[in-house]
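Take a look at this one chain, the form predicted on its own, written out in structure tokens.
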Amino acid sequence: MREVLAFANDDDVADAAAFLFVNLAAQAVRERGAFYVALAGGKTPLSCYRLISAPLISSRVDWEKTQVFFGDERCVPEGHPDRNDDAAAAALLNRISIPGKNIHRVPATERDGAERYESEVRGAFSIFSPSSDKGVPRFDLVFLGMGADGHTASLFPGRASLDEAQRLVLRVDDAPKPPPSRVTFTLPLVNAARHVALLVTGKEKAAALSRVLLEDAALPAARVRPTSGTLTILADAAAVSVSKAAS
């Protein structure tokens, strides 16, 4: 199922994403005893993370039962300004009471980091949460952003990683923007999720979002189609402007 929610501005997108996070966390803990979430990199989700870290909101999440992963990571050392996990830590994870063992950072500087992270994902799910019928772990929520070229996570247009059908996590060394080397979830893992939230803000992304809504398979974000879950696209007015003009 796909739903598209349009908001006046990026602050409203952040509010809605934070609300979705809190509600899905409560539902997952209530129904399955744990909440598995994959955070997105880039600038768009950071406002959402800061909202979640606010005491009145964070107190509604059972952090002891929350397992945090990252949908992609740049292959740069910890502490580097390009690291997605460091940005998420500054905006959210360092501000809440979550056990360190519940935060699963990507060993992105290791040559076998993708293989190790896939094993970590599978191992964590084997403890608490059932997998899909195909044996793929099912995240309760995967946050994604989108670039102006339609890429999401570190899956870029025209790259072989888009067609990966077996591996759940890949290392890519041909990203068209720096740094070229990254570790990323693949589409089989993303599309196994119970809920995927795609956050899109800014007029520079309007053309790509219009193509995503038309399911243009040339764009990685358009291939995000949860098999038996829900895709929620949360976009601001600037990002949906082209789609409105076309319709």
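Start at 1 and count along the sequence shown; that's the residue number. Treat the numbers as computed from the prediction; the structure is a model and nothing was measured.
The discussion below concerns the form predicted together with a small molecule, not included here.
Taking the partner from elsewhere, G41 is found to have a heavy atom lying within 4.5 Å of the small molecule in the predicted complex. Although the partner is absent from this view, P137 stays clear of the small molecule in the predicted complex, with no non-hydrogen atom inside 4.5 angstroms. Using a 4.5 angstroms threshold between heavy atoms, V142 stays clear of the small molecule in the predicted complex. Interface residue remark: G147 is counted as part of the site for the small molecule in the predicted complex, having a heavy atom within 4.5 Å. Between 163-171, 89-97, 114-122, 149-157, the stretch whose residues reach within 4.5 angstroms of the small molecule in the predicted complex through a non-hydrogen atom is 149-157.
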